[in-house]
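So this first bit is one chain, no partners, the form predicted on its own, shown in structure tokens.
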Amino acid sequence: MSFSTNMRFKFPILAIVLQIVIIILFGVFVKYDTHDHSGPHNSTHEDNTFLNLYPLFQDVHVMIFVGFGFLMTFLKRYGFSSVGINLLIAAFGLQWGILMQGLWHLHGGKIEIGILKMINADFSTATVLISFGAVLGKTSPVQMLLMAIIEITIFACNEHLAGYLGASDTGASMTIHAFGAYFGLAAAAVLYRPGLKNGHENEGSVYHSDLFAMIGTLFLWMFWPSFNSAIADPGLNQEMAIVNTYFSLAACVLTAFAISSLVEHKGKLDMVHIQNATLAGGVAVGTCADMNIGPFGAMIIGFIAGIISTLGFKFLTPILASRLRIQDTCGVHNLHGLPGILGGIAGIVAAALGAKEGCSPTMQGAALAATLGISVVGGALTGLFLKLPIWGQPPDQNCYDDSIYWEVPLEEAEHENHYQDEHGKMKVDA
């Protein structure tokens, strides 16, 4: 297969056309939400909803742009792409998400923009960023924009279906984390590269790249209570969502550290586990974050999440690569997929125990099953589309390498040429 990685025309044309289309669609469909405002200078308690929720929105925003971006910087030669393409996807996705989610909730033929719409748009973007982790280092910017278009469209449909079923998923363990993970894994399976089955010299990390990735972990860990509580009903439900997430994360950290030491040589800690598995408690408690499960219930969920996530990184990731032909670069199956399913199951159990009024365990189970089915089918079909050779994907030898799509600093380029010459390999000029 021949690869044309020159982005000079295909990427600018796609990006500009998409932005123009979005501007036109916003002009036709989008307006400010002014329902609670009786006048431009009047202020009531209801009017303050926007500003009351704005700090939570900013927390979610930091998670999307800083947390997810830096979490993926562990690859030693792919930091520009991890943070940069994360920014690209997120900036496009939040605009597209407003439209795709808003079309299900029109008022007089218009999408009314309020703070909750903005938070939900960030949520829709998170699904693509999770999927990005599964194909990190093996795709082009054009492919990622195309994935964002398709995935957010399917996500909005699935989210609407979950709402129609009456399922509760305030922190979106199912509709964001499980959906994004299995969508990305299905796409990665279709995009499988036999040439990378034995690994790649740039696939690993170095000391400073792992340290940068830990920055992403800490931002995500600190702000996860905001993520899980941002769209919860104000009052007690929102407070429970914050408290439950807080304690689930705390329990998850101790468990992840313990299991990492248990399974590694001489009881040493593995930075991959610490960067990722410590966050699994936030993912797993999402579905029942606003349910009356008690802080101890949240801790149990975090405890289990820390175990399954760490064991997943240690044992399941190699099995996925060798037997199922799924090259999961960031291990999204272990951070988002398995804990997302755990969250869905926890929601079913909590609903059966009456932890939230009007919540049916049957509908919780139906939403989880539908999410998994839709994400896998959608991801596989998207993978087939992205596999077309016209989208500028990198050849095997240039995967996990910024220099094919970025101008890299001279000293990095010199070091890279020297390193590759020592091994008798030619550097392909991007």
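Position 1 is the first residue in the sequence shown; the rest follow in order. Here the structure is a predicted model, which is why all the values come from computation and not from measurement.
Only in words, not in the display: the form predicted together with a further copy of the same chain, which the text now covers.
A single residue from the set 222, 324, 150, 165 has any heavy atom within 4.5 angstroms of a further copy of the same chain in the model of the complex; that residue is 222.
The candidate spot formed by 27, 254 and 292 is fully in contact with a further copy of the same chain in the model of the complex: every one of the three has a heavy atom within 4.5 Å. The closest heavy atom approach of residue 238 to a further copy of the same chain in the model of the complex falls within 4.5 Å.
Residue 399 falls outside the set of residues with a heavy atom inside 4.5 Å of a further copy of the same chain in the model of the complex. Of the heavy atoms in residue 360, none are within 4.5 Å of a further copy of the same chain in the model of the complex. When contacts are judged by a 4.5 Å heavy atom cut-off, residue 404 counts as touching a further copy of the same chain in the model of the complex. Just one listed stretch, out of 114-122, 166-174, 130-138, 333-341, contacts a further copy of the same chain in the model of the complex at the 4.5 Å heavy atom level, and that stretch is 114-122. Heavy atoms closer than or equal to 4.5 Å to a further copy of the same chain in the model of the complex belong, across 259-278, to the residues 259, 261, 262, 263, 264, 265, 266, 267, 268, 269, 270, 271, 274, 278, ordered by sequence position.
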